[in-house]
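Here we start with a single chain on its own, the form predicted alone, put down as structure tokens.
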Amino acid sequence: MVKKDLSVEFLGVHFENPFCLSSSPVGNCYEMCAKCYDAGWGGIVFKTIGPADFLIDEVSPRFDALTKEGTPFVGFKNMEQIAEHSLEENLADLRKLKENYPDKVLIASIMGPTEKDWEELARLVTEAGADMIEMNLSCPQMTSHAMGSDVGTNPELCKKFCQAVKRGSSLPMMAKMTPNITDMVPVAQACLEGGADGIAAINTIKSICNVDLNRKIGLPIINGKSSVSGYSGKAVKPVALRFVQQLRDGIPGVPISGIGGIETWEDAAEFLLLGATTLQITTAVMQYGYRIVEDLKNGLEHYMEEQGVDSLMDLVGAANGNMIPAENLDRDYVVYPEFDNDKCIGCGRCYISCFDGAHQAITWDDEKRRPSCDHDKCVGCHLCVLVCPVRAIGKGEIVMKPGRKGSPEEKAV
């Protein structure tokens, strides 16, 4: 049995492993969080706590999912707001969790409409025993424009709210960013200037998942109407990874808690390699339950063994240097596809996709039902590799473009 050190240090706090519940329906009360701790998660970001006088009144139903072919859960739409329990109940749950699980990391997510609210909430969750604070500056389904993702696009306001939290608490604090913005770096930088110690990214993406074609209403339907709200799940992972990379590029060394579409240990490793230290998960838990943490930990341990790494911290940011501006990429060569006729099932997917969506570079033998590549037309885009259902196409011959210097043997692909 492979055993590796999965512990990480994040904002001065020790986590036994990087996996945390993100602030969401999966960590909404003491019973849920206790079960999560017992299952072996490294930490919990308790569902966002708001001011005592802020009423949460939810709609029903409030979830929707994007599907594709045989996959029932590509993406997930969530119209749920912050914690619906009273401030007193939430603080009591925090105290009880810390009392019964003193060695587990407890992160309080807070949100308020005014500087006074942010400061007071920070003081209260600190007194309740939280180890860290996460500022929710980015929830896309709040009914108040003074709270949520509209705030997260305003650097000046984010800085003021961060300063308010620091007045109310000396705990390490991270600011949770909205992806509903072109460039996250200026807002993140403003948060750090306001006192944030790190960044959490990303929150959900504003979305309309599906539309009922007969009733002509977005889903889910609430009394004949619907609304734009947050999108999460596997489908948002590419967007989340992009923002994590851009944060590390724009603010070198910034501590990041990565969020967005993490379902497998491979997803987790990708976030770590691009600079995240802790990893927050919601949608996969809603689909599969807290038990997934065992697979996540086991997979990471085996990956560390394969990579010859003893500490998980050695992986954090290891891929950042290999992400460069598009204009700096090597454009001097072409990698032609290579066909494995023994694996090929003769479906013709590669031929159709290349002809209708690429460069008409695949020829088709009707009698043998086998493809081949016309190098005079092929540009090495590898669409055929991606559409092949049995992975019968791979990387083949490397050829330098006419007039370009260098040799194929020097190219890493």
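Every value quoted in this text rests on a predicted model; they were computed, and no experiment measured them. When you see a residue number, it is the position in the sequence shown, counting from 1.
What follows is about the form predicted together with a small molecule, which we do not show.
Asks: Counting only heavy atoms and a 4.5 Å cut-off, does the small molecule in the model of the complex sit next to every one of F76, S109 and N203?
Replies: Checked in the model of the complex: all three residues contact the small molecule.
Asks: Partner absent here, but in the model of the complex, which of 98-106, 307-315, 325-333, 281-289 has residues with a heavy atom within 4.5 Å of the small molecule?
Replies: Looking at the other structure, the answer is 281-289.
Asks: Evaluate S232 for contact with the small molecule in the model of the complex, applying a 4.5 angstroms cut-off between non-hydrogen atoms, and reply yes or no.
Replies: So S232 counts as contacting the small molecule.
Asks: Using the partner position in the model of the complex, report whether A188 sits within 4.5 Å of the small molecule, counting heavy atoms only.
Replies: No, A188 stays farther than 4.5 Å from the small molecule in the model of the complex.
Asks: Does G275 reach the small molecule in the model of the complex if we count a contact as any heavy atom within 4.5 Å?
Replies: Answer no; every heavy atom of G275 is more than 4.5 Å from the small molecule in the model of the complex.
Asks: Is K176 near the small molecule? Define near as a heavy atom within 4.5 Å, in the model of the complex.
Replies: Contact with the small molecule, yes.
Asks: Using a 4.5 Å cut on heavy atoms, which of L296, I82, C158, A122 is close to the small molecule in the model of the complex?
Replies: Flagged contact: I82.
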